[in-house]
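A lone chain, given as structure tokens: the form predicted alone.
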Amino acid sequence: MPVVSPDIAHRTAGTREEPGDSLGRLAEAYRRIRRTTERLVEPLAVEDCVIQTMEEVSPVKWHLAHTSWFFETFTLRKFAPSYALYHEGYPYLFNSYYVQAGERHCRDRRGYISRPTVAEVMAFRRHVDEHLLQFIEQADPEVAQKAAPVIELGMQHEQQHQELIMTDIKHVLSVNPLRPVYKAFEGEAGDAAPQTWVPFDAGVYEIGHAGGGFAFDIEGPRHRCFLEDFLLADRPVTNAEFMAFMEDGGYRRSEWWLSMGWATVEERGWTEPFYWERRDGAWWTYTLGGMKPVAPNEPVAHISYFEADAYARWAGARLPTEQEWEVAMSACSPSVEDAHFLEDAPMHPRPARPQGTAGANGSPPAGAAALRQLYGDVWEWTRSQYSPYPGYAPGEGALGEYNGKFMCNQFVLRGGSCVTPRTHIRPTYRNFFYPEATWQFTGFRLARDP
């Protein structure tokens, strides 16, 4: 099973919970996460929810159905013998990549499906909610305890799709010449403090999830790694800094690019970051709040690995490894409460706060004197290939396909973004994308050898 998580009945350190208490909390967490998904969809029209604008972008309606299919398939159909399949065609339409779970509809044709309607998908969600909550409340406690880790995996899976809903709908709205607004917001001013470098000593470090809460299987096993001395930039690269790269011929000079990166630049005609466009001599960008001038002090976002790597070479630096990133995170221990996530308006990267200033909840963020924005705002590319940790083995069955089978030709990102749910992120979280991907809120910070 692709989770590294203790029995949910024993999650609180130093106490022993009754099974009913832990299952009650599980039910409440389930309700909260499912409500959050539906609140994200409230600003959208039905027409917004059925469009697919590229293969990587799924219609909102599909996300709403797929997350429900996940609970139906891996919890209700496995642990509730009396449960009857809601619709015999839904497993085919709403399975994603779980080969062992059955045949699947083509990913690039999800936008072709006008039926079931959005209303019918919402009825499917209500049906699954009713039966899953009934299962938690009425099932034999021993059976419910066995199902609890799968339900928790399903909730984490839904939070991943909450982020995907926001990144996908941004792309959907952006291709509309009217540049519709998902939700209006005002930009946030920020400092233009020069980037500084934070040193870290060579040594043997432990990384990976150590237990004590939920984690995906790829976050473990915990293991040792040796690092040489390195320096890490105190914040991500900003729009203004990336503009300097562009003005120096960044997209015209091949010497800074990996061969595959330069081939992608030529093939796709890249001349600026994704969502940027030139208007009357100034750079503008599409946001979930509509078109806005590019704010110089915000972290640059929607950057591919290729672009991040090219900028780093131009700047005389490099991207950090994921091991360096996690060691730095552990040393600074920033608070997720002071970071900018899905729950915080706007759903757009904000400028780095001056060192030592109060965070989102009014308290000085831990580690503020060293590194900023390790959590939230933009996912940060590392130069580490997405590969297994020593001793890793995927679980058996369809759920074993969740992460492990994608360990090829992708790079690891860390830290979460402005559309990542706050309760979904942790220091050991490993995201991964193909190096040409740009539709996610992806940015980067620099590393350097002494």
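Numbering starts at 1 and runs along the sequence shown. Keep in mind it's a predicted model, so treat the numbers as computed, not measured.
What follows is about the form predicted in complex with a further copy of the same chain, which we do not show.
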*Among P177, G269, G211, G316, which has any heavy atom within 4.5 Å of a further copy of the same chain in the predicted bound form?*
P177
*Could you check which residue among A27, I51, I33, I425 gets a heavy atom within 4.5 Å of a further copy of the same chain in the predicted bound form?*
I51
*For R350, is any heavy atom within 4.5 Å of a further copy of the same chain in the predicted bound form, or not?*
no
_Residue contact check: Q160 to a further copy of the same chain in the predicted bound form, 4.5 Å heavy atom_ = no
_a further copy of the same chain contact in the predicted bound form: L232, any heavy atom under 4.5 Å_ = no
*Is G89 close to a further copy of the same chain in the predicted bound form, meaning a heavy atom pair under 4.5 Å apart or at it?*
yes
*Quick one: which of 122-130, 107-115, 273-281, 139-147 gets within 4.5 Å of a further copy of the same chain in the predicted bound form, going by heavy atoms?*
107-115
*Heavy atom within 4.5 Å of a further copy of the same chain in the predicted bound form - qualifying residues of 206-228*: H223, R224, C225, F226, E228
